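Just one chain follows, in the form predicted on its own, and it is written as C-alpha cells.
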C-alpha cells in the first residue's frame, strides 16, 4: 500500500499506537501531522520521522476543544495542501466499577473518545468534501467495541459508539469517495495498557502476572500481545484501500482474542 502524495492526521500520535501508525504512513509516502495534547512528544515524534527521510509536523491538539480541532485541521491543510486520511486514535483509560465511577471520569473519557472522534471527523470531512478527492477516516476502536469487560464501562461504551459513528460516516461519505472504518485491537503493550495491569491487580485482588495471563491474554490463540506493527499494518491497509468496497467495517486485530 503506497500513500504517495497523501496527507494524514493522526491524533494521539506522540506515542504508542498513534506514533507507530504515523511512522508507517510516512515510510509509505504520506505527509503526516502528529496531533497530540503533548506537543513536546509530538515534536519529538515528528523530528524522528523527518530525520528518517519522511515528512511530518507536530500539531498541538486537544481533541475535545472544538476551536483547537478546527484550527489544527485547517493548519495542516494549509501547510500540506490537503487532508486525505484521519486516524482518530486519541484516548485514555479509566478503570473502576460502575457503582464507584465518578461522573467526571465518565465525562472525561467519553469526551476524548467520542466527542474527539466527532470533532476531528467533522473538520476533516469538510476538507475532504470540498477538495472532491475522497479520503479515509479510521477510528481506533478495540476488542471492547465488540465485547465487554468489568471495570471499563465508559471505555466499552465509547468504543461501541465509534462503530455507530463510522457506519454513519460511511453512508454519508460514500458519494464523496470517503470511507470510514474501525480498527479493533486486542491488548497492545502501550503505556495505556501498562497502567491497567497494576490497577486491575488491585481491583481484582490478583497478581500483575495473573492480570496479563488470565485476563489480557487468556483468550488469544497464541498467548501474545497485539503489537504496534500489527495495528499499523491494518491502518496502512485501510488508508490505502481505493474503493467503497471496504467501508463501514470493523477489523479485529487481536491474536484471536475476539473473533466476532
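Positions refer to the first chain, counted from 1. All values derive from a computational prediction rather than experimental measurement.
Another form, the form predicted in complex with ligand NAD, is not on view; read the next lines as being about it.
Chemist: Let me know the one among 43, 70, 62, 203 whose heavy atoms come within 4.5 Å of ligand NAD in the model of the complex, would you?
Modeler: The residue from 43, 70, 62, 203 that makes the contact is 62.
Chemist: Just give me the single entry in 223, 53, 198, 191 that has a non-hydrogen atom within 4.5 angstroms of ligand NAD in the model of the complex.
Modeler: Only one listed residue qualifies here, and that residue is 191.
Chemist: Using a 4.5 Å heavy atom cut-off, indicate which stretch of 129-137, 166-174, 109-117, 78-86 touches ligand NAD in the model of the complex.
Modeler: Of the stretches listed, the one contacting the partner is 109-117.
Chemist: Classify residue 9 as contacting or not contacting ligand NAD in the model of the complex by the rule of any non-hydrogen atom within 4.5 angstroms, answering yes or no.
Modeler: No - in the model of the complex, heavy atoms of residue 9 and ligand NAD never come within 4.5 Å of each other.
Chemist: Taking heavy atoms only, is residue 15 within 4.5 angstroms of ligand NAD in the model of the complex?
Modeler: Within the cut-off, so yes.
Chemist: Using the partner position in the model of the complex, report whether residue 153 sits within 4.5 Å of ligand NAD, counting heavy atoms only.
Modeler: Residue 153: no, not in contact with ligand NAD in the model of the complex.
Chemist: Residue 37: heavy atom within 4.5 Å of ligand NAD in the model of the complex?
Modeler: Residue-level check for residue 37: yes, a contact with ligand NAD.
Chemist: Go through 154-186 residue by residue and record those having a heavy atom within 4.5 Å of ligand NAD in the model of the complex; state none if no residue qualifies.
Modeler: Residues within 4.5 Å: 155, 159, 185, 186.
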